[in-house]
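Shown next as structure tokens: one chain only, the form predicted on its own.
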Amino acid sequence: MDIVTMKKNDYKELMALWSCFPGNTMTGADSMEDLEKFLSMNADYCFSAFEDERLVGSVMAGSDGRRGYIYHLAVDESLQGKGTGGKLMDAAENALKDAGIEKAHLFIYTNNTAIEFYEKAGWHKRSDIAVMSKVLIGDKYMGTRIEE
């Protein structure tokens, strides 16, 4: 398996992978244009996993210069539980650490079964903060769970 920096040319395969996960809401923010914009600012933190030239996993991470954020960790169902997700997270976390980022956050639906994966990887749920959201561009974010 090869873990490499994510490329915009892999967009179709990335969308197919991300769309396979129940509860993963795809929005206008996942357009090709927005992926290109995100990668132009955060390419050093985004990785794809390939096995025999087939995309089998990915993680998008980013930084605001102070904190890191993890987005869209996904691993092909056939490889889940075999270390691919851990390798992708290690790549993203190490890239953030190398950039001097002290702490990272991720946002996950409370009923997502991946919470157990993240806890085993050393992440912990916070009970002292709440997430608040506001849709700024109506049409672009159709499909977003506004209630959460």
Ligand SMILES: CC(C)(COP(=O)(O)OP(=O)(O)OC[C@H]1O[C@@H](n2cnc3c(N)ncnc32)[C@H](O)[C@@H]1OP(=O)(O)O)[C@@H](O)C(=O)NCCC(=O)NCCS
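The numbering used is simple: start at 1 and walk along the sequence shown. The model shown is predicted, which means the values in this text are computed figures rather than measured ones.
Missing here is the form predicted in complex with the ligand; even so, the following discussion is about that form.
Heavy atoms within 4.5 Å of the ligand in the predicted bound form are found in one stretch of 60-68, 85-93, 29-37, 45-53, which is 85-93. At a distance threshold of 4.5 angstroms between non-hydrogen atoms, W123 is out of contact with the ligand in the predicted bound form. Among heavy atoms of Y11, none comes within 4.5 Å of the ligand in the predicted bound form. With a 4.5 Å cutoff on heavy atoms, E102 does not count as touching the ligand in the predicted bound form; it lies far away. Residues F107, I108, N112, T113, A114, E116, F117, Y118, K120 of 105-127 are found to place at least one heavy atom within 4.5 Å of the ligand in the predicted bound form.
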